[in-house]
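For reference, the chain that follows is the form predicted on its own, supplied as structure tokens.
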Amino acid sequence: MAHRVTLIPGDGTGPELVEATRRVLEATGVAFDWDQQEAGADVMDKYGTPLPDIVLDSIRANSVALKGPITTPVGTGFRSVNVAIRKALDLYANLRPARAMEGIPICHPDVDLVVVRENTEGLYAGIEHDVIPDVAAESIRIITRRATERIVRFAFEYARANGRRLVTAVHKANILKATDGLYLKVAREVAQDYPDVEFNDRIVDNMAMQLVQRPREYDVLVCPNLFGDVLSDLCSGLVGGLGVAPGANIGHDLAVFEPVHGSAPKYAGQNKVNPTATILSGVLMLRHLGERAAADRVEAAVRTVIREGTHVTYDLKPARDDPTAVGTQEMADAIIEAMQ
């Protein structure tokens, strides 16, 4: 049977990235029944919202979605569609792997990290207001026992299922004594249920420094929302940047897979941007669907193409103005060829 999957192209460069990924996934021989839905800045005039209800209804019906990046206006305009989807569907776990690939010059060639980010509360709860317009504003940070327990448990279950050795809880409990104090207390309690997996904790600023200096000492990082967002970008930088950074948003019954990076609207329609992050998000989706052999084939092909360095986009070349760089779709073609 074909897997029924909601397909959300997004806006900016999203449609071309999703098209490249769709072709790669279909080339595995796995059958898909795509339920394509519109969301993002491009549909505001049509629906009066960047996130029509039909999109959420589709994800609820199909349980799985593959999503391209969607623009979030800075400072003004509508709130993040990505955050809205996660909150509306209670996709509480944001999974962001960062694994080094041969062919990408980096400082630490053995980086293999997974950031597990709490996805529904913290500062991203969006409870904020002007105290005095243009003078002062206030935002409320929420940490609850329920959300903390389930994200830490998710991290330990992921570590156990994937042969990971260590879970590190990241916090700022030395300063944020009530909120991160609760987070750390609950994390330590949950850790006692997993004696087969090592556990430690790190203060977030120290964690950032240690990731730059000695990332090999860490494995799975479980973080409150904002810290997870920031550190996952740092981890992406350790392995080559956001262009190779996949992501998954997972709840109890639903999952949405998307690249970590944004929509890069200035490059829209130019067939220029790196499809790796979106394709590797598709790999995470394949594993979620139980198609592990297909997932391994796609990931191996991606790594082969990047290692060879011939049919890759400009950002994966030694010089960004390298005339031998290929486009988004041409890199996808090379990945498909490498799977044969």
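Note that residue numbering begins at 1 and tracks the sequence as displayed. Since we're looking at a predicted model, the values are computed, not measured.
We do not show the form predicted together with a small molecule, though everything after this point is about it.
J.: Determine which one of 267-275, 35-43, 285-293, 49-57 lies within 4.5 Å of the small molecule in the predicted bound form, judging by heavy atom distances; exactly one does.
T.: Selected stretch: 267-275.
J.: Name the single residue among Ser263, Asn119, Ser236, Thr148 that comes within 4.5 Å of the small molecule in the predicted bound form, judging by heavy atoms.
T.: It is Ser263.
J.: I'd like to know if His171 sits close to the small molecule in the predicted bound form, meaning any non-hydrogen atom pair within 4.5 angstroms.
T.: No, His171 sits far enough from the small molecule in the predicted bound form that none of its heavy atoms falls within 4.5 Å.
J.: So in the predicted bound form, does any heavy atom of Thr179 sit within 4.5 Å of the small molecule?
T.: No, no contact at 4.5 Å.
J.: Applying a 4.5 Å heavy atom distance criterion, does Gly243 contact the small molecule in the predicted bound form?
T.: Although the small molecule is absent here, Gly243 would touch it in the predicted bound form, with heavy atoms inside 4.5 Å.
J.: If you check in the predicted bound form, is Asn82 within 4.5 Å of the small molecule, heavy atoms only?
T.: Contact with the small molecule, yes.
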